[in-house]
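Only one chain is given next, in structure tokens, and it is the form predicted on its own.
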Amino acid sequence: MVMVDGTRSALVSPELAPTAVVRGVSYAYGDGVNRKTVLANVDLVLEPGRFVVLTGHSGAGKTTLLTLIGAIRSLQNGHIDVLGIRLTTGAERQSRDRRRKIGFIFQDHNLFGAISVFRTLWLATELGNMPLSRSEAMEKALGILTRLNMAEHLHAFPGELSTGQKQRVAVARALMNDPKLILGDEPTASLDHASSMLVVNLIREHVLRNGASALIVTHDERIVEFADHIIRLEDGQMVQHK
């Protein structure tokens, strides 16, 4: 497998179980004549060690699928297994437990203005059931931020950062708990080319090193070029999978 910088890395053992399995999932918004189906009988398997890109036009169902896999949205039809556990409708505690094991990267970074970058990353380990001491969290945060050219902003607050810098903090937060599944919604939309490549390299290395999977919703051709698999959703259906 070729990394963005041209180096190669060994594939993860094929014996590892899928990180997520989606079977027959359909989803619709609204009722009656206003009801709109955005996912129609979608099947998907996310394998360890794979960086998967999900593309499609606006409204094709990409973000809906991402949030269903991430247990942010409740299922309507079909089933989804995430990290060995089947998600069921209405099981909020179960959904919270699954979310703590997933690294989310949202399009709108979702940082709290009153919390510094370091506290944001440290808090992520506490919420993810991976509590670290201050020194341990500091070491890990600096390691990730250094890879993203953000180390000098360790103690900055969101209001002191550019949009692209905030997004890189969101990427760092997603990786703090060494998640087995990374879900990203347009994670490079606000980044220049150099920063985008830092993010792609870091996520792909994490995926390979930890036997994790990444599912990234994007229109960014810079990311698509380096995907192990590309999935296209069109009007709620998977029309391309390679």
Partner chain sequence: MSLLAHKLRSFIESLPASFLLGVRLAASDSMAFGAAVTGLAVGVLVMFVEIGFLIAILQAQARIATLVRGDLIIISAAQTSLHDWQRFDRVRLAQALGYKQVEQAIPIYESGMLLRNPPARSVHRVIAFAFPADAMPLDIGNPTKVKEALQKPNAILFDRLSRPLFGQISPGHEIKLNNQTYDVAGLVDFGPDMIMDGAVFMSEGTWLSTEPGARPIMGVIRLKPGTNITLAEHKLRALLPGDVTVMTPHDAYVREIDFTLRAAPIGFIFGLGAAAGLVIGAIICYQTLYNQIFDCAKEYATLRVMGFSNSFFRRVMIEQGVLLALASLVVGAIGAVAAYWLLDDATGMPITLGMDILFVVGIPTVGVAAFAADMACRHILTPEPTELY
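Residue numbers count along the first chain shown, from 1. Just so it is clear, the model here is predicted, and its values are computed rather than measured.
Not on display, but discussed next: the form predicted in complex with the partner chain.
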In the model of the complex, do Val25, Ser58 and Ser162 all put a heavy atom within 4.5 Å of the partner chain?
no
Exactly one listed stretch (178-186, 191-199, 48-56, 33-41) reaches within 4.5 angstroms of the partner chain in the model of the complex by non-hydrogen atoms, and it is 178-186
Would you please decide whether Leu111 lies within 4.5 angstroms of the partner chain in the model of the complex, comparing each non-hydrogen atom pair?
yes
Using a 4.5 angstroms cut-off on non-hydrogen atoms, would Glu126 count as touching the partner chain in the model of the complex?
yes
Please determine whether Ile72 contacts the partner chain in the model of the complex, using a 4.5 Å cut-off between heavy atoms.
yes
Within 4.5 Å, heavy atoms only: does Arg119 come near the partner chain in the model of the complex?
yes
Could you spot which one of His153, Arg147, Lys140, Arg100 gets a heavy atom to within 4.5 Å of the partner chain in the model of the complex?
Arg100
